[in-house]
Each structure stands twice: as structure tokens, then as C-alpha cells.
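The form predicted alone is given below as one chain in C-alpha cells.
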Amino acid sequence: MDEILKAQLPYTLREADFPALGELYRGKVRDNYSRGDRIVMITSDRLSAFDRVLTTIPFKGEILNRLTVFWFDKTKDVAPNHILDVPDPSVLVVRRLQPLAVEMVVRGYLTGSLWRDYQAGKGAKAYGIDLPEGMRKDQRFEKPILTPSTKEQVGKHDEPVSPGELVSRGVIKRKQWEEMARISLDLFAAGQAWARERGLILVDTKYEFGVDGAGKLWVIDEIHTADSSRYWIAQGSEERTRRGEDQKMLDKEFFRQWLIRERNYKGEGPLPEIPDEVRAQLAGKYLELVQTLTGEAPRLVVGDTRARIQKALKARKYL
């Protein structure tokens, strides 16, 4: 499989230019074409970290999209989602909704950026939460906590924010917050339960929401993928926490740590160069995660991703 991942490096999809699909909004990872009441979302191979697009990863869009479809199908009874059609492994056709400018981040463990804030004495005060003193890195919370952030344009950093601030700024209404909080915690519980069956821990994740004309909330974007979530290998996790050792990860956190360690990069200044070896290694992490969670190895074919997508969109009359 390593050879297939390396062979795809020259064909990674950085941008999907299909102006005939409609009006383009380019996110960090997806190129979204809007027309009428639907959006064609093409998941590129772009990789972002620290809110910056840094490089491309072979087959990333396809693998990410497959996992999104898997999870949306598995949680459709927990919350309604926006998917209408999947014409290609890298493409979703979704209902057009008004996105809410907030990311609902759910955390089950004290790790990542929250641990760095905790070490710096800031804790979770930005979210209106008081954390107990004396917690250890990677320690599990008694109950998952919600640490929302603003949803900023590409190139800008998302900011931590409390529920009260979101409501007072007019980003969302109090009733919307309450419903989004309930859905997010229910989705997280469902994700953790399935991950546990597959030998993984869903550590934290983020959800995004949109509303239709009637004000109904829908889950949008993606859920429980390696881009939006942190996964640890369950076996030995508690022992690693007790010993203060790093967790075994199946997500892109390993890449963030590589950027900090090898490039001294945390999102500021010139973009660092990413070697092909690291790009292929990260693709392997994405692939291992989708295989572990779904129980199936996706059939990956080396070749021109854009041409494949174009053919699929024409066959389904979107082009």
C-alpha cells in the first residue's frame, strides 16, 4: 500500500475547478459549488494544520469523504444531516443551508490545545468552564465538555468562545445553542461507542451546523474524520497516561507534532516545506483509520483524481 500512496503523489487534487457547477466557495479542504437548493462539495487532497493549508496528501479527499459518508449514515437516527447524493468517492451533493459560524468542539480528554492552555494557567476559562486543579495530560474528563470556537474564513485562526458570548454577539440564539449542544453530545457518545468497539478512543471532535428556511438544524460538513477528530489506540492508553507517555494516534495530530518538533511551526510565518515521505506517511494514517472504523479497505486507484471526478459528475448529470 505504501507504494500506491507514493505513486499517487503527482496526482493529488489541490483545487477542483468546475465553474459549470455553480458559485464557488473554497474552504480549507472542500471546494463547494452552490446552485439553487443544493451544493456540490468536492473534497480535495489539501491538508490544513493550525488553520493554514500546508500541502496535499495522496487520496486524502477520497478517504476523508468515505469516512464522512460512513459516519453520517451510522448517525442519521441521532441527528439529520445534509447529504443528498454521493456521485464519486470524493464528492458529496448536499442540501443548501445557512451555516452557523461556530464549531461545536466536544472533548473527552485533556489534551491538545486545551492541555497547552491548561499548562499556561488559562484552563478552559475562555469557554466559561472551570477545570479542576492538578489534572494530568491526556486525563479523561468525568463527562465530555463543550469548548466551542468561532468559524473563521480560510487563513484566519478560529477563536475560543463561550456559549454566552456566541449568543450575545448574535451568532446563534440561546435555543439553537441548547439544541446544538444536545446533538453534539449525543453524536459524540455514538462516535465513542462505535470507536470503542473497533479498539479506538474518540478523544475529541468538532461538529458544524446549518439551518434551513424553517429554522431546523442540520449537521453539515463532516463528522468523526481524521481532520475533525482525534483518535487514540485504546489498548494501553490508560497505562500511557499514567506513565506520562505519548498516546498512539490515528489522526493528523502526529503531523501537528511533527510541525512543532521538526519545523518549529505553530501556524505563524512562512509555510514550511513538507517532504513527500511525511505526506505519504500521513496518508497511511488516514487509510488505517478508515479501515479500522469501517472494517473495509477502500479500493484506491492511482491516477488523475480530477478526471475521475469530472467523469462521475457528467454521468450523474451534474455537469
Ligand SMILES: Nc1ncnc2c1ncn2[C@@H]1O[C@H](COP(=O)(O)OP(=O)(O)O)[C@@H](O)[C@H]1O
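Bear in mind the structure is a predicted one, so any value in this text is a computation, not a measurement. Numbers for residues come from their place in the sequence shown, where the first is 1.
There is also a form predicted together with the named molecule; it is not shown, and the following applies to it.
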Partner-proximal stretch of 248 to 256, 62 to 70, 31 to 39, 268 to 276 relative to the named molecule in the predicted complex, 4.5 angstroms, heavy atom: 31 to 39
The unique member of 198, 125, 151, 74 whose heavy atoms fall within 4.5 Å of the named molecule in the predicted complex: 151
Interface residue in the predicted complex among 166, 79, 94, 106, criterion: non-hydrogen atom within 4.5 angstroms of the named molecule: 94
Full three-residue contact with the named molecule in the predicted complex, heavy atom 4.5 Å, for 25, 99 and 220: yes
Contact test in the predicted complex: residue 208 vs the named molecule, heavy atoms, 4.5 Å: yes
